[in-house]
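The chain below stands alone, shown as C-alpha cells; this is the form predicted on its own.
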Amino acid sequence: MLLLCILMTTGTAFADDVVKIGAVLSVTGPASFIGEPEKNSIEMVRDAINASGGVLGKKIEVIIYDDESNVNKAVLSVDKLIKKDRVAVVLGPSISGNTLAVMNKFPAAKIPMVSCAAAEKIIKPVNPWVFKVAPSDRFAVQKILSDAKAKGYKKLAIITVSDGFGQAGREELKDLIPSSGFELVADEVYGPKDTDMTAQLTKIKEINPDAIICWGTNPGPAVIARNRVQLGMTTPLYMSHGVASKKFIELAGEAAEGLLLPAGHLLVASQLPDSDPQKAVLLDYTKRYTKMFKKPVSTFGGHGSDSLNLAVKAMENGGSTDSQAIRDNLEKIQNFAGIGGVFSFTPEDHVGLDENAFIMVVIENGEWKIAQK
C-alpha cells in the first residue's frame, strides 16, 4: 500500500485548524486511468480551497491511499482512515468492486463516504452514510437504448467484463434491454485480464445482431474494438461510460472510429450551448486541470473534483466539519452544478443525478463529438 500524500497544509497547523479528509483511490494498477486523474483533481481542488482560506476557517488536509486497484488493499485503506487517521469523510474508492467491499463499514463508523464509482448497488438500497458522484450505470444503459431505439435496432448483443463494474452493468443490461422492447440475442463475458475476445465476437457475429453493447473498463474494450475490426465486423458497437477517457482512444487506435458511448458533458464541454448549466464549470475545470497537469481531462477526474467539492459544500451549508453534519447536509444539497452533472440529493436519492448526466458521443478522427440524434 502506498501512502501518497499526508499533510497538504503548511505542516505547522494545529489539529483544530484543519479538517482531515480521507481518500482511497486506484492510483496505480489496472484502474489507474480512473484513479490517477481523480487524485490529481482532488489535489487541485484542495489547493484552490486552501488558497482561498479553507472551509469554515480551517485548512483541508487530504490523506490519500492508493489501493492499487486491489479490493483487499481498499479494505485495509478504509480501516486505516477510519480507525487510525480518524477522518471526517472518505472520498472514493475509484471502482465499483472496491466500493461495494467497503461501504458497509461506514454506518458503524458514522463517517460519510462519497464514492467515485458507478454501480447502482452502491446507493440502492440507500445506505444513509454512503453517497456517490458517478452517474449510475442504469442511466448509461438508458441513454444507449434510447439511441438504439431511435436507429430502429431490435436485436442486441452484450459483451461484459467479469469484474464488479461489468457485473453491475450486465445486470442493468439484462433488465432494461427486454423491458425496453429489445431482444437480447447474445450474452458474452470476458475476464479483466483477457487479451483476445475473438471467440466471443465470433459467436456474436454468427447471430447477426443489430448492434453490440460492450461494458467494461480499459484495456478490455479496446481489445474488443480491435478484434471487431480484425474479424471484419460492421455491426454497430456501443461502449459504456467506463471508457470515457482519451486512454481508450489511444489503446483502440483507428478501431475506435465511429464508436458510440454515453459520456459526461465534460468531454464535449466546448460544444455545449451557453445555456447549459454546467458549461462554465466544465470549461474552468478543463482550463485549470490541463494547465496544472499538462494532460487532457477525463470524466473520472471530474468524479474526484465533485467528491471533494460536495463534501466541502456540505460543511459550508451545515456550518460544521463534524461527520454527522456532513452526512446530514450532503442529503440537502440541491442544484449543484458539478463536473458529472447537476446534483440534487435527497434522503431517498444518494447520487442526485439522472439520465441527463450523460450525453451520447461518437469518436471521430480520434476526438469526442456530440452524436447527432
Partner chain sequence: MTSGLFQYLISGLTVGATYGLTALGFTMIFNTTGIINFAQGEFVMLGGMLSVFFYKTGIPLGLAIVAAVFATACIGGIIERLAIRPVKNASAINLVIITIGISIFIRGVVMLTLGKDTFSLPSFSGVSPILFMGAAILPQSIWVLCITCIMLLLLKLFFDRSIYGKAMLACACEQKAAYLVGISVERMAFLSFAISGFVGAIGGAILTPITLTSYDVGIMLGLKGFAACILGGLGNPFGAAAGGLILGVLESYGAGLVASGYKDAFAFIILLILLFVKPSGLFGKADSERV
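Computed from a predicted model, the values in this text were never measured in an experiment. Residue numbers count along the first chain shown, from 1.
Below, we turn to the form predicted in complex with the partner chain, even though it does not appear here.
Which residue among 189, 269, 211, 184 has a heavy atom within 4.5 angstroms of the partner chain in the model of the complex?
Only one listed residue qualifies here, and that residue is 189.
Of these, 222, 173, 114, 111, which has a heavy atom no more than 4.5 Å from the partner chain in the model of the complex?
Only one listed residue qualifies here, and that residue is 222.
Non-hydrogen atom within 4.5 Å of the partner chain in the model of the complex for each of 195, 200 and 206:
All of them do, each having a heavy atom within 4.5 Å of the partner.
Out of 80-88, 119-127, 230-238, 286-294, where are the residues with a heavy atom within 4.5 Å of the partner chain in the model of the complex?
Flagged stretch: 230-238.
Looking at the partner-bound form in the model of the complex, is residue 260 within 4.5 Å of the partner chain by any heavy atom?
No.
How about residue 251: is it within 4.5 Å of the partner chain in the model of the complex, going by heavy atoms?
The answer is yes: residue 251 has a heavy atom within 4.5 Å of the partner chain.
With the partner left out here, check for me: in the model of the complex, does some heavy atom of residue 279 sit within 4.5 Å of the partner chain?
The answer is no: residue 279 has no heavy atom within 4.5 Å of the partner chain.
My question is simply whether residue 73 lines the interface with the partner chain in the model of the complex - judged by any non-hydrogen atom within 4.5 Å.
Residue 73 lies outside the contact set for the partner chain.
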